[in-house]
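Single chain ahead, written as structure tokens, the form predicted alone.
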Amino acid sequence: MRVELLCTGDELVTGLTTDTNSPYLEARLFELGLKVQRVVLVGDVREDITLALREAAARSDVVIVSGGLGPTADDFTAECAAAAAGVPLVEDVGTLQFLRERAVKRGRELTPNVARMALVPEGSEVVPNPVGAAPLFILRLGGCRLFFLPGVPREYRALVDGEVLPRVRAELEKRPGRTYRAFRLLRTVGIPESVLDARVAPLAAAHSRVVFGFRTHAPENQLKLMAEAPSQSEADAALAAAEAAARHELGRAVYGADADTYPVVLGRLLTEARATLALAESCTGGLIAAQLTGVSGASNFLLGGAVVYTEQMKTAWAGVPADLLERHGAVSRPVAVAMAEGIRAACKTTYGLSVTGFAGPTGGTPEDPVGTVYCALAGEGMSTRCERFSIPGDRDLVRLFAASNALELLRERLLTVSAP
């Protein structure tokens, strides 16, 4: 089945808004074993949208269209769909009644521009929107089925999950001689994409039913595995064998799979170890704490921390001796060690984690230029570990990888102490 996505709106082609709908749908379709063939962005020009609809329908079995179904003057996707199909717009009675009742509940009158959302191309299947006003409508152009959805992410996702994907899945299951697929997304940290590719390249020849793919989502790199076979059991078995081989090759670089996130996995490790953590952050400015507190139940393992951005605060909150700062400077191995040990002592935790560095674009020294970061981990039953990293990139990238490298010190420690 060939699937394309068509997204409309000037905001998407002028950089004012980032398309978040397409990545969401691409991932959900991939779960069905479908790889999107093309994603097209079109501005608010009637002729361009109409032509794009006709071209996509001629190439595809399914086209999923988003945007341009609202009440404003630049919402004319339904009009373009009718033009592409060569049919008139008609009023959907159920949608119009819903819009009237919605207006009454809000103490308003139904205005003509809002009522326009009830206009759909003749012959469309209309599906109510469970979380918004504009409905989903489904239209056939030749052998292609087109799904038209609102562009508002909350509405888009509700309709994708509740209406679009079940229909696509049902269509797949009816197709004779279908290929069955199984997939896994392995998430790695601390290994560059080129190295990841080189490490798993020899596995591809031994697992001919599995497609190996790669995706970078800083600071991690991801390995995509998709098995294809004449039956689901064969696809599942091929995937399991390829995944086992990849995990064996990559070892601890694989931190999780599929929907796992790094903070959630780390929180699980801390919880299983009944360990607690305190943070002393300088150049990351609270980024590590923000990641960990995004995990539900983080108070079970993260007791607290401090953004010790200045030398004064490194002394006051993390207990770094002033003479140590004077001798070695704030960005140094001894200070990172003192920060980790000091914050652990202050918070009485199992582990203390620190990071200090030059995020740029100013600062740095000949010995420690911009991008130099020191991360340290102090803990019970261990000598304090400190690592120096040289991180290329702009300020945001240095801070992102500094946080990741610091947390990786902690993950490696937790895996070591939990190993049989």
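As the structure is a computational prediction, the values presented were derived from the model and not from experiment. Rigid core (definition): largest C-alpha set, two forms, superposition within 1.5 Å. We number the residues from 1 along the sequence you see.
The same protein also exists as the form predicted together with another copy of the chain; that form is not shown, yet it is the one meant from here on.
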Exercise. Which among 39-47, 350-358, 372-380, 60-68 is in contact with another copy of the chain in the predicted bound form, heavy atoms within 4.5 angstroms?
Worked result: 39-47
Exercise. Ala84, Met226, Leu139, Ala78: which sits within 4.5 Å of another copy of the chain in the predicted bound form by any heavy atom?
Worked result: Met226
Seminar exercise, completed: Interface check vs another copy of the chain in the predicted bound form: of Ala118, Ala330, Ala238, Ala306, the one with a heavy atom inside 4.5 Å is Ala306
For this session: Look up in the predicted bound form whether Asp368 has a non-hydrogen atom within 4.5 angstroms of another copy of the chain, and give yes or no.
Result: no
Exercise. Wondering, does Glu412 line up within 4.5 Å of another copy of the chain in the predicted bound form on heavy atoms?
Worked result: no
For this session: Classify Leu32 as contacting or not contacting another copy of the chain in the predicted bound form by the rule of any non-hydrogen atom within 4.5 angstroms, answering yes or no.
Result: no
Exercise. Can you check whether Leu12 is within 4.5 Å of another copy of the chain in the predicted bound form, heavy atom basis?
Worked result: yes
For this session: Check each residue of 90-117 against another copy of the chain in the predicted bound form and list those with a heavy atom within 4.5 Å, in sequence order.
Result: none
Exercise. Can a Cα shift of no less than 2 Å be assigned to Arg157 between the shown form and the other one, given superposition on the rigid core?
Worked result: yes
Exercise. Superposing on the rigid core, does the Cα of Phe401 end up 2 Å or more away between the shown form and the other one?
Worked result: no
